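Presented below, as structure tokens, is a lone chain in the form predicted on its own.
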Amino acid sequence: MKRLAAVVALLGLATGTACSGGSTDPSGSGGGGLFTTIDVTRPGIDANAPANPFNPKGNVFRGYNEIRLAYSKNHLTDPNVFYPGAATSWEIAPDNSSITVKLPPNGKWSDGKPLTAEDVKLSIGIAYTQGSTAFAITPGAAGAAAEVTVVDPTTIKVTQDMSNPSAKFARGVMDTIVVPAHVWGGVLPADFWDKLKASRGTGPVADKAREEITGLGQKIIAFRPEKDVSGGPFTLARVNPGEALLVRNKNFYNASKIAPAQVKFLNYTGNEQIWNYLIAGKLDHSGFTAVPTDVMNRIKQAPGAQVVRGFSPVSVGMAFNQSKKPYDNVHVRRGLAYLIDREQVTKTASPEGGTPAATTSGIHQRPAAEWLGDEAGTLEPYKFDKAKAEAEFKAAGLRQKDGRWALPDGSPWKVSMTAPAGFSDWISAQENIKSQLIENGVDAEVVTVADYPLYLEEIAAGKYDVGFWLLALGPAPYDIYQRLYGASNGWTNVAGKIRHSPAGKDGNWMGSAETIDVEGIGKINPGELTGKLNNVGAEEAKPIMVKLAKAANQDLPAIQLWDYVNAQFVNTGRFTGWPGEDSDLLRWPAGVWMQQGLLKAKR
């Protein structure tokens, strides 16, 4: 799948003539040579974009000339374990009510000025304007910060609003992008913290304060620093439409661990261009990119080419719009599940970057073993079975007409699947599913739309019958199940209370029933159970996860197709010391690997 800046998630003028300050090494004379890579989250380099990490086109690259307080580890069940970033140590209160963060005593920005707790406080202020999870201004938002206190020049404490706590509060804090106050200080008004305090109330004054804070977001996105002042291991030296060049930041607190003297980001517009770079051996590293088998074989032939694989807490599912008939009938959804050979789909669509889902549980199968234990074996696997599919279709009242399944009234039925253009694995998967369904008497088609942002907009508006949807976004249990039983399926968490909207309202495009009678458990409200996951520990979460897994398995709001494998491409010709197979660092760009002391230049 082409990774685009989305969800998520998922950013003086830094132009072709911009230069960094004297604290960097543009000649590369410090040794270590040139490291070449791409930013898989964002195709296209905009030479006119600012050195601004909040600008979607900004020339700031995560882990390189951008630094966060810390980088979360890829733990199967705990979201609050981290690698150091700007913060070198931290302490989370036993009841998760606060996190105290320590900066390195010798921390500096690339221009030589000290990195302080005031920089972090300003950065948190900016995070409030961007809708950050821990720094939300929506009244009653789960896991929102209550107070931000500078303890001393290198220590800052952030407390959680315990009226609606979240188990991943610390993660939300540590994900903060840190920027220098001496460069960014003017983006927030002098009375910002007073406005923030006022925004936590009710009434017109609070409403106005929230509106003003949100309004600052666009000002911050548009901000253009005169030069890139970086807290990361590199600083932007120059950029043109073909590439961006970064040079080593001598003032980075762990500078002695950074091997390359320079980093070059190459421009690309699609997966095919990345494949060509890899085949030619031009990249020292590329993050996950969907690759067909024949291309993968050519990539592996490049001298020094290696593929390193790790756990990726995400699955892809074939999701149904239950406001569209006949997908409101669970027997239709089950019948389709029995007609789709998931191994064949995965082999066609993501042979190197995915493993067929063992079943539909809503959880990636690796953490499913931790969350569900022996209960995982009780779930229906939905292996290909034409006879079971026929029985389910008949139970739904579907009829066979001229060798094709038709709706109960005899009118034609066609499964219409939609995918965004450029998502090669999704389109290949849907084409394969289409062939499987047609072969087994179900008419089907694949429709593509221009791009991923349009896809998200239109699927949220309920325009599609069937679309692909990312599931199982761990490790936090709430994040895992809000993909199935969150806002897209009618449930929203407002001030700790779960509210359900009917299908077609407030972004509810899935349209599941508000309650489900789960065999062996009884009637449950899956959205309310998902909401409970937001503020309980792992042991309390496990029985809830079991109930939700059984509900997803029985009711099938989506058919889980494959679990992603995080396949990273590296080249050993110029650098060594890459993360090993299954390293939880693989979820982050190579700049973060370098921060932790990995990668050495070959001599």
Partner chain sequence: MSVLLEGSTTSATMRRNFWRGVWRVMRRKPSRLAGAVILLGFAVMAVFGPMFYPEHLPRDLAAGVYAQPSAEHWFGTDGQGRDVVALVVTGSRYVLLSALVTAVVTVVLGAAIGLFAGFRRGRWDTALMRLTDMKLTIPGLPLLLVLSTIWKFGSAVEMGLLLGLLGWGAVARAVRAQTLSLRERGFIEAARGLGLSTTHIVGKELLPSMAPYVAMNMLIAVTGAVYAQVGLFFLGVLPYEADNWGVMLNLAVFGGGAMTTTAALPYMLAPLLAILLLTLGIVLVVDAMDEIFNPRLREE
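Numbering follows the first chain given and starts at 1. These numbers come from a predicted model, not from an experiment.
The discussion below concerns the form predicted in complex with its partner chain, not included here.
*Asks:* Name the residue from V494, A460, V295, A376 that puts a heavy atom within 4.5 Å of its partner chain in the predicted bound form.
*Replies:* Residue within 4.5 Å of the partner: V295.
*Asks:* From the list S97, T448, N254, T138, which entry has a heavy atom within 4.5 Å of its partner chain in the predicted bound form?
*Replies:* Only one option qualifies, and that one is T448.
*Asks:* Between its partner chain and L398, A406 and I544, in the predicted bound form, does every residue show a non-hydrogen atom at 4.5 Å or closer?
*Replies:* Verified in the predicted bound form; spot residues all out of contact, no.
*Asks:* Any chance T202 has a heavy atom within 4.5 Å of its partner chain in the predicted bound form?
*Replies:* Judged by the heavy-atom cut-off of 4.5 Å, T202 is well away from its partner chain in the predicted bound form.
*Asks:* Answer for E211 alone: is it within 4.5 Å of its partner chain in the predicted bound form, judged on heavy atom distances?
*Replies:* Judged by the heavy-atom cut-off of 4.5 Å, E211 is well away from its partner chain in the predicted bound form.
*Asks:* Does K434 reach its partner chain in the predicted bound form if we count a contact as any heavy atom within 4.5 Å?
*Replies:* Looking in the predicted bound form, residue contacts with its partner chain include K434, since a heavy atom lies within 4.5 Å.
*Asks:* Would W275 show up as a contact with its partner chain in the predicted bound form if we use heavy atoms at 4.5 Å?
*Replies:* W275 belongs to the contact set for its partner chain.
*Asks:* Report the stretch among 189 to 197, 327 to 335, 103 to 111, 424 to 432 that approaches its partner chain in the predicted bound form to within 4.5 Å, counting heavy atoms only.
*Replies:* Stretch 424 to 432 is the one.
*Asks:* With its partner chain taken in the predicted bound form, which residues across 334 to 359 come within 4.5 angstroms through any non-hydrogen atom?
*Replies:* Sequence-ordered list: Q344, T348.
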